[in-house]
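Below you will find one chain, with nothing else, as structure tokens; this is the form predicted on its own, and questions on how it binds or moves follow later.
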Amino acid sequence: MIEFLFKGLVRDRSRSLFPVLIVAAGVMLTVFLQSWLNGALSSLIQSTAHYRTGHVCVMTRAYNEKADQLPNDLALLGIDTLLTTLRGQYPDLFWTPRITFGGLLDIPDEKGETKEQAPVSGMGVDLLASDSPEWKVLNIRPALVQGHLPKQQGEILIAEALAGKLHIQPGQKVTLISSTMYGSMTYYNFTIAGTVRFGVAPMDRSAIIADLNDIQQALDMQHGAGEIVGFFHDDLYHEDRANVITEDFNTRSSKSSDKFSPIMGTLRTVSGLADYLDFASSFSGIILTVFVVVMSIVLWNAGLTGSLRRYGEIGLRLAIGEETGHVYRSMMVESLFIGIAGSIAGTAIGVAIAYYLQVHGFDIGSMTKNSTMMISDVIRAQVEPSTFAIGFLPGILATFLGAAISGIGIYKRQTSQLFKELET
């Protein structure tokens, strides 16, 4: 019987082609949106981790309460001991100290007087050590546009857009005007080694990258750092493991009575992205639910149209003694064939489109140029094993529900009307 139904669908394309195309289109859209959402979310998490919070972040309790203000007067001190402890207790991550600061970048003229100034957002990281993880984490080498990488104390990298705005080139002297850890004003001279473009709007507008030792001297923060960030070795954010590590560290080392006691937070809690991550995690379910409902309604209408066209066939089958339940079940089996065929076709097309965007990406720089979110200008889809399966549930379920709803009319057929229908 199944073989008979399958041959009927293949030979009568008017019964199968339109429903298969509808299911394929819906599944393709579902697969593509799921992979696109995964890619966008992964980009946001990765950029936020690399340029702001790490996968986990250690700071003082007082600093944590005012982290948005970059309160370096509340920074960690004696970081060498703390780093040794972190590396010994949690070898699943690599740890690196950072100082995030703000200030003015002063550009002198030939006489040494101020020619131009611009506000900057700076980051002091370990730049000069050959084994520093920051080269890879911040993607510095590929981001270099002009000049060279810092090779000695006093050399910094500056955002390409900022350099263009201030009309400065690698090799020029600049002065950072900021405040020390103790609140006094500080001036510190640097040489621009090169310019960089990270492809992340907040970094590309006004960022400067300097060696940690230089910033410690400039801000009077010897052996201090605003934060110590940790990254999993595979560069993926594992929230469950991060929560376990954070809870363990805070139980061991953090004291609620001491505002300068270190406290650890995860990317989710420190970055303020909890709501975005919660929304994204439920968005796939929303897509699937909406798709099933909409597609069921569409296929219901298609089924009703098909039933009207097949009134003669259904009437004949009932007239010769076929049970209404058997007719109904045969239509349900047909819907499963249609759902499977449409799901396979839609998944293949959706994965192909997603894979293309995974390789080439889509530039959204024009939409993010004024954004404060740490998201890459180029968004790439992300094809995962689940991408190949996510379309089958809604694809098959929608056709099944559509056929089930439209097929109810079979039970309402009146035997007295069958011969009249057959006559016409």
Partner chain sequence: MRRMFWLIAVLLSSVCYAQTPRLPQSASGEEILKKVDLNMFSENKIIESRMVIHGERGSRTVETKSWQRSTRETFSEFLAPARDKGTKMLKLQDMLWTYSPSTDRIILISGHMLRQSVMGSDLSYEDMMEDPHLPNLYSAKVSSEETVVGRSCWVLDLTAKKEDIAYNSRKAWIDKTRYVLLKENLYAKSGKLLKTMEVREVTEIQNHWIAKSILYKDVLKEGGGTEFFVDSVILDATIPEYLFSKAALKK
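Numbering follows the first chain given and starts at 1. Fair warning: this is a prediction, and the values are worked out from it, not measured in the lab.
Heads up, the form predicted together with the partner chain isn't pictured, but that's what we're talking about next.
- Among residues of the shown chain, S179 is one whose heavy atoms approach the partner chain to within 4.5 Å in the model of the complex.
- The shortest heavy atom separation between S184 and the partner chain in the model of the complex is within 4.5 Å.
- In the model of the complex, the partner chain stays beyond 4.5 Å of every heavy atom belonging to G88.
- Interface residue remark: Y188 is counted as part of the site for the partner chain in the model of the complex, having a heavy atom within 4.5 Å.
- Contact with the partner chain in the model of the complex, defined as a heavy atom within 4.5 Å, holds for exactly one of D234, E113, D80, D240, namely E113.
- Residue-level contacts in the model of the complex: of I287, I353, L104, I297, one residue has a heavy atom within 4.5 Å of the partner chain, and it is L104.
- In short, of 158-166, 244-252, 340-348, 72-80 it is 72-80 that has heavy atoms within 4.5 Å of the partner chain in the model of the complex.
- Along 202-230, these residues reach a heavy atom to within 4.5 Å of the partner chain in the model of the complex: Q217, A218, L219, D220.
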